[in-house]
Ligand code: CTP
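One chain is shown next in structure tokens, namely the form predicted alone.
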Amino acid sequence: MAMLDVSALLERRLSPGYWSLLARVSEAAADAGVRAYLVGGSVRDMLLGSAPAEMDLAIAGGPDDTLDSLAARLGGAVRSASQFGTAMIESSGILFDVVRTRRESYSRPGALPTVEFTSSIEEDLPRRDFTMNAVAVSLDRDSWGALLDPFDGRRDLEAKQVRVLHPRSFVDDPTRILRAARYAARLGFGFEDETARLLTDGLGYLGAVSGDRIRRELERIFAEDRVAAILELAEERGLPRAIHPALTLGGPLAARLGDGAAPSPAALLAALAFHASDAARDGLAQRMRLVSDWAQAVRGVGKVKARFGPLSRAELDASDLYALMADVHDGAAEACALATDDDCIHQRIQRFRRDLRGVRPILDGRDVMALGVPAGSPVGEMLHALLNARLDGLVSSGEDEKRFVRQRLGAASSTPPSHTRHSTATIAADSKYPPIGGHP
């Protein structure tokens, strides 16, 4: 059967830089005695009428060092590579993904594949996830622009539907479930009927996938422009809870994402776990093998929620808001602002993150000692009082801060011998603006 020639489409859709890259890849592949193809999402996007956002290439044939040899022939370098025959190559300022054509088999559901390299693109395309991605365009000199579409991916693109290649697709690699939701919502597609059934049946296999792989798929979802639509589709299909019982898309979170909120990935995951218990969030962190910001954001949600009472007080000075939130991880604060249904708490957390978190006095410890504050704990007390004064708008310049220090010192020197047993440190805990340097 004659193949469709899409060379004119290539020329229309590709930027000059990408067009030049493909021409050079074609020459380098011919010199190396291998075949080169544009594959996957790059072809899909062109068939949909869009310029590809990135280049995905496949190389058929050649020895184990084929990708290194190709990079050298392009005057570029391999920036990263894996044992699965994939690499990221940079040439003339363009970074692109290249794979060696291969067959894959799976020892159990959710396992990483066993790879067997092949010299045939026809043997490579069946390992891919969906019909719309199992497409390739030849870059060979004698067949430049020929479209390979063995699973009628163009038909499914025209029908606006996501279709898997075979019944075990979601069993072999359950992360394809997350990719199915991502593609469907991004493109405004539905699921082909049998694919929808297989997706539902395959949800239980997500538990067999490592936390690292699940987290990487979630990062891709969180980076999408239409993340709200993707998460709504995922919630409708039961994906979050299939990943972990702590995850759910609440109404306020969905609404704020739909209104254009663009949280950090760590905060978004923590927001999805907002309604869970502390123990469930800790279980999520362990399941996903979270580290650094992700772990602190997820585990810190409970700390913020425990302070919702004082955060919702009718009157709350900026310094009091700062005291409530200063020790909270920003990802946890952002998550709670996203997911809470209390608009007052939402506004106050956002005010802290936007306006207060970075506030600091102009004067430092040496400055206040030069003004007469005794060394030791009084310095810390004065700096704390200065911070509160700046937060509450009592000072706005360095001169204001100096006057503030002198006033506190003056108040301390005029305080009569103690009528209380409190130490200066205890007084600091009782008032935001105590006299500094007095004596018990």
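Residues carry their position along the shown sequence, with the first being 1. Keep in mind that what you see is a predicted model, and the values were worked out from it rather than measured.
The same protein has a further form, the form predicted together with the ligand, not shown here; the description that follows concerns it.
- Taking non-hydrogen atoms only, Arg79 never approaches the ligand to within 4.5 angstroms in the predicted complex.
- At a distance threshold of 4.5 angstroms between non-hydrogen atoms, Phe189 is out of contact with the ligand in the predicted complex.
- Residue contact check for Asp129: one or more of its heavy atoms lie within 4.5 Å of the ligand in the predicted complex.
- Among heavy atoms of Tyr183, some come within 4.5 Å of the ligand in the predicted complex.
- Among the residues Glu54, Glu27, Asp400, Asp392, the one placing a heavy atom within 4.5 Å of the ligand in the predicted complex is Glu54.
- Taking Arg289, Arg220, Arg351, Arg241 one by one, only a single residue has any non-hydrogen atom within 4.5 Å of the ligand in the predicted complex, and it is Arg220.
- Of the candidate stretches 39-47, 65-73, 403-411, 372-380, only 39-47 contains residues with a heavy atom within 4.5 Å of the ligand in the predicted complex.
- Highlighted residues Asp173, Arg176 and Arg179: every one comes within 4.5 Å of the ligand in the predicted complex, counting any heavy atom.
- Scanning 130-151 for heavy atoms within 4.5 Å of the ligand in the predicted complex gives just one residue, Asn133.
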